[in-house]
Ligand SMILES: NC(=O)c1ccc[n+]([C@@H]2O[C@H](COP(=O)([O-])OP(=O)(O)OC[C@H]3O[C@@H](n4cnc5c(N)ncnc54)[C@H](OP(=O)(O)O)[C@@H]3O)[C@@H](O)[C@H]2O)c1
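As a starting point, one isolated chain is supplied in structure tokens, in the form predicted alone.
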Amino acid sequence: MTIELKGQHVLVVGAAGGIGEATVKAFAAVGAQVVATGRNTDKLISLAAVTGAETALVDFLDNDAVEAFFESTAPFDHVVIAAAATKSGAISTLAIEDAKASMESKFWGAYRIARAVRINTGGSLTFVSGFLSHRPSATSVLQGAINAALEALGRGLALERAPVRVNTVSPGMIDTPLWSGMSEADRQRLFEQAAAKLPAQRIGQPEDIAQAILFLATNPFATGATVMIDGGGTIA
């Protein structure tokens, strides 16, 4: 048995990002009533025009704003947290302020939402982490640690929030606007080199992650899980 998403009330946090945008579109395509939140107003307006989603501007780094938002909205059936702004670099050279801001954005932002959100019985909460929690990188130690903390939070909340189901999707390298700061040639070269090392022989797309998120939302027996969608990056 799978859970029907048509008419379900869904919140996607970080909807202006590549994975968040794909997730909004995926839920809207199956008839869910989606609320899209993010920091890019123009992107949210554009996304709403395409999908029919509602939009909400909420600073999820502000605990008072988070609590006020959830107090003013009806409980959700499914919540997806795909928002994050982290910086990479060696621990020895990454400024401590940047490290704290990264943890504040990806971990504590998700923590605040999980603490305040109201989710209907039988519903789900899904985090988006990253495969660096399982396959460390010498230049992204902090990101791996944050992702691991987020996944541990998901497992614990699956017990605390039961019967609400809590899961995490852990992506590998995904072709999103995150890489837009690179030139087209450099980005293409990076993707080709990375794809050649993966068993899947390709770079992930945001839709690959959105598909996994929908799976977790619709499978009533999935909770406390971390689903790797990394093209085999963890085992390569």
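Just so we're clear, the structure is a prediction, and the values are computed from it rather than from any experiment. Numbers follow the displayed sequence, beginning with 1.
Heads up, the form predicted together with the named molecule isn't pictured, but that's what we're talking about next.
- Taken together, the three residues P75, G123 and R165 all stay farther than 4.5 Å from the named molecule in the predicted bound form, as judged by their closest heavy atom.
- In the predicted bound form, none of the heavy atoms of L214 sits within 4.5 Å of a heavy atom of the named molecule.
- Using a 4.5 angstroms limit between non-hydrogen atoms, A194 is distant from the named molecule in the predicted bound form.
- Contact annotation for R39: at least one heavy atom lies within 4.5 Å of the named molecule in the predicted bound form.
- In the predicted bound form, the named molecule sits within 4.5 Å of a heavy atom of T176.
- A single residue from the set E54, E207, E67, D59 has any heavy atom within 4.5 angstroms of the named molecule in the predicted bound form; that residue is D59.
- For the candidate set I119, A114, A83, L153, a heavy atom within 4.5 Å of the named molecule in the predicted bound form is found for exactly one residue, namely A83.
- Comparing 67-75, 155-163, 87-95, 129-137 against the named molecule in the predicted bound form, the single stretch with non-hydrogen atoms within 4.5 angstroms of it is 129-137.
- Taking a 4.5 Å heavy atom cutoff to the named molecule in the predicted bound form, none of the residues in 214-235 make contact.
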